[in-house]
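There is one chain below, alone, in structure tokens, taken in the form predicted alone.
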Amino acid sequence: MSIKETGDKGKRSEHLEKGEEFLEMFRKGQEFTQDLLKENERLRFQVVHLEEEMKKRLETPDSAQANSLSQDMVEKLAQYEMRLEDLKSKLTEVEAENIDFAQRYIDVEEQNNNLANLYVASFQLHSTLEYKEVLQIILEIIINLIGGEAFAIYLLDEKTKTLNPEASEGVLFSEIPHVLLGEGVIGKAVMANESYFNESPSEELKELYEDPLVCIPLTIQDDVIGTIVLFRLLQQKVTFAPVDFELFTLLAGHAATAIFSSRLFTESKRKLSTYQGFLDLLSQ
């Protein structure tokens, strides 16, 4: 073997060693790369798995919480609805009580006014014994408290059994007809000693003379001394109020007593004056 061949062989051996080392390094790199790929695949799988688990865990608590919140809200809503219904019921009761109280207040106020009017009327009727003043007071009561526009006061003449007009308002005194006891609506009402109320009065005054709106007999105990005949109400007076009937009852008794007492007083006063004049004439 020559020196040159020896050198070439050494170089080839060196190259073969380096080639083996390179191949070994390449194989290791290949194995390492494969290991990395496997590990990467494993990690990716784990990541996907973890994401799914996380998603499940995230979804599960939210749904439970949502269900819990929803159930809680439903319960609270039901409670609020019950309270609302209870409040509505109490409000309805309170409103009904308020309406009842308001109506009672109106009734009490109306009764107070009625009592005040009746007291004033009664006081006025017995405040004087002057006959003309008593008649004037009765006329004012009928106008101011009952709302009469056209009416007349009749007194009974026991001898002729005739009802004669004694005072009037809203109608010509000369036009008021005299009425025989027991004849016509007025005569029959007085004879029966019963009040008469016409539910469909005529618009004609002359017809109302025969068939008036109201006829209230004036009585002392069971004796009738006359009657109040109402032909027409004031324009603003549409219908009778409960107090009107109370006033009719008061007039039927108290007005009769006031008229009777004032007539006796006036007559006795006139007789006293006559007797006094006669005594003065005898003493001269």
Partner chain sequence: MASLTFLIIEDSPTMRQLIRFALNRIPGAEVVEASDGVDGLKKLSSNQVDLILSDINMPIMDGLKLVSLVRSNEAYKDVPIVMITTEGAKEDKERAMALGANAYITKPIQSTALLSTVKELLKL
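Quick caveat: nothing in here was measured; it's all calculated off a predicted structure. Positions refer to the first chain, counted from 1.
Below: the form predicted in complex with the partner chain, not depicted.
- Screening 210-218, 145-153, 83-91, 186-194 for residues having heavy atoms within 4.5 Å of the partner chain in the model of the complex returns a single hit, 145-153.
- The contact residue chosen from Gln34, Gln46, Ser70, Gln235 relative to the partner chain in the model of the complex is Gln235, the criterion being a non-hydrogen atom within 4.5 angstroms.
- In summary, among the residues Ser174, Asn112, Gln79, Gln103, the only one with a non-hydrogen atom within 4.5 Å of the partner chain in the model of the complex is Asn112.
- Mapping the unseen interface onto this chain, Val120 counts among the residues with a heavy atom inside 4.5 Å of the partner chain in the model of the complex.
- Although the partner is absent here, Ile141 is a contact residue: one of its heavy atoms lies within 4.5 angstroms of the partner chain in the model of the complex.
- Using a 4.5 angstroms limit between non-hydrogen atoms, Ser168 is distant from the partner chain in the model of the complex.
- Residue contact check for Ala116: one or more of its heavy atoms lie within 4.5 Å of the partner chain in the model of the complex.
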